[in-house]
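Next up: just one chain, as C-alpha cells, the form predicted on its own.
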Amino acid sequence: MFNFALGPDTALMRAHAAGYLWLGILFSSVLSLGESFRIESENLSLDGLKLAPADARAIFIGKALGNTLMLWLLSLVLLPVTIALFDVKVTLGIPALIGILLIGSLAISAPGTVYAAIASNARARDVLLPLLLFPILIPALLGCVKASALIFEGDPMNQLASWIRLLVAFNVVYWALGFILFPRVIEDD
C-alpha cells in the first residue's frame, strides 16, 4: 500500500523501510493485544484468575510476556518480507536487528497489556485500544524506527546506543507502571 501511495521510487521506499516494518508490527499488535483479553472477558475467565490465590501482578507478567513473544515472532516473520520487498541491506547485522525487534516488542506489550485490560470491558474496545495505546507508544515507536533504520543503513555517527537507551528506559518505566497498576486495572469496582 505504501508503494501505491509514494509511487515507484524504490530509493524512497528503501529509505523508509524501517518505518514500514514498525507500522506493520504496531497495527498487528493492536489485533493481538485485543485478542489477549477478549477470550477472558467473553468466558468470564478473568474472574476465575482473580479468585486464584495468586497475585494479579502474575497475570500481568504472564500476559505481557505472552504478548511480547507473539509480537516478537510476528516481527521475525515480517523482517525477511521487509528486507525482500524493499531491497534493504542490513548493514550492522541481523542479530542487532533481532535485538531491536525484541526490545520494541517489549515496549509495545507492557502498556498494550494494561490498555487491553482496560479496553476489554468497553463496548467499543476495538476502537478504544488504539486510541489509548498509540499516543503512549510514540517514543518507543520513534526509537524502534530510528534504531532499525540505523541498522539498515549504517551508523557512522554512533547514534544507535542513544536510541537503545531510550527504548530501555521506556521499557523500564512502562513495565514498572504495568506491574504496579495492573491489580487496580482488573479489580471490580
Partner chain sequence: MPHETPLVFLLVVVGLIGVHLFVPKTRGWVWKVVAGIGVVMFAIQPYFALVWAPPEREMGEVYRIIYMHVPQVWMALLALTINAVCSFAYLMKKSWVTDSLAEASAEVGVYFGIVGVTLGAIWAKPTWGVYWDWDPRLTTAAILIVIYTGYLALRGFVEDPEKRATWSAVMGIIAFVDVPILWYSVQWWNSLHQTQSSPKTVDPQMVMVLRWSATAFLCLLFVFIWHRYLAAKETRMKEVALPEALPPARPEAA
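All values reported here derive from a predicted model rather than from experimental measurement. Positions refer to the first chain, counted from 1.
What comes next is about the form predicted in complex with the partner chain, which is not displayed.
The closest non-hydrogen atom of Leu97 lies beyond 4.5 Å of the partner chain in the predicted complex. None of the heavy atoms of Pro156 is located within 4.5 Å of the partner chain in the predicted complex. In the predicted complex, the partner chain sits within 4.5 Å of a heavy atom belonging to Val173. Put simply, Val114 is close to the partner chain in the predicted complex: some heavy atom of it is within 4.5 Å. In summary, the region of this chain contacting the partner chain in the predicted complex, judged by heavy atoms within 4.5 Å and restricted to 80-88, 101-109, 67-75, 115-123, corresponds to 115-123. Residues Leu132, Ser162 and Leu166 are all found to lie within 4.5 Å of the partner chain in the predicted complex, as judged by heavy atom distances. In sequence order, Ile138, Pro139, Leu142, Lys146, Gln159, Ser162 are the residues of 137-162 having a heavy atom within 4.5 Å of the partner chain in the predicted complex; the partner itself is omitted from this view.
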